[in-house]
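Only one chain is included here, represented as structure tokens and corresponding to the form predicted on its own.
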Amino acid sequence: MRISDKHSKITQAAVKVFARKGFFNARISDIAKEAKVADGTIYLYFNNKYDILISLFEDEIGKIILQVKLLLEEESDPGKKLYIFALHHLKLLDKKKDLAEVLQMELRQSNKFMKEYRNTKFIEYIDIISAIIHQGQEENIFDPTVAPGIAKRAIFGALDEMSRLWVLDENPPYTIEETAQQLSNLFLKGLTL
């Protein structure tokens, strides 16, 4: 088995174990068993559980960034780009429930991860939103007084909270498409008539 295959096999096993047992309750031996490798094999690729968590976060966010950028290349309208971003974000989390649970719940509970991780991939991901805002401002579609750095965090925060709904609720009250449309409309039009 190639090194990258084994690395991927371990991180995918970790997603399942972290989602099922929680990050803090999961053991390296649980991940090894799920991956069908010896415990020692894990340490050939990772230093510890935190290293696995960071690696799986980086790998998954990297894939998501590529997918979103490809989708956005096909659209020129910044308003539609915002909807595409929202829809893709929510669809990915719906398709990968275990990963969503790890990203939504387990990552946040790890103070060590939140303090020590240099979240360059995450910043690259939400910078896609600020690029959409900048484009809309340059084309005189979006309000030029809106700070893209604030807008990207507000939009991502709304998406993040809605994503949590899919993690915690077996039958969310809204469809993914409806949620993406409502969120993008809210940020595009605001609450005023």
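Please read these numbers as outputs of a predicted model, since none were measured by experiment. In case it trips you up, residue 1 is the first one in the sequence shown, and so on.
Keep in mind that the form predicted in complex with the DNA is missing from the display, and what follows is about it.
Using the partner position in the predicted bound form, report whether residue 54 sits within 4.5 Å of the DNA, counting heavy atoms only. No.
Would you classify residue 164 as touching the DNA in the predicted bound form, given a 4.5 Å non-hydrogen atom cut-off? Residue 164: no, not in contact with the DNA in the predicted bound form.
Decide whether residue 127 counts as a contact residue for the DNA in the predicted bound form under a heavy atom distance cut-off of 4.5 Å. Looking in the predicted bound form, residue contacts with the DNA do not include residue 127, since no heavy atom lies within 4.5 Å.
Consider residue 45 of the chain shown here, and say whether it contacts the DNA in the predicted bound form, taking contact as heavy atoms within 4.5 Å. So residue 45 counts as contacting the DNA.
Go through 28, 65, 151, 158 and name the one with a heavy atom inside 4.5 Å of the DNA in the predicted bound form. Contact check passes for 28.
With the partner removed from view, which of 133-141, 57-65, 164-172, 37-45 is the stretch that lies within 4.5 Å of the DNA in the predicted bound form, judged by heavy atom distances? Of the options given, it is 37-45.
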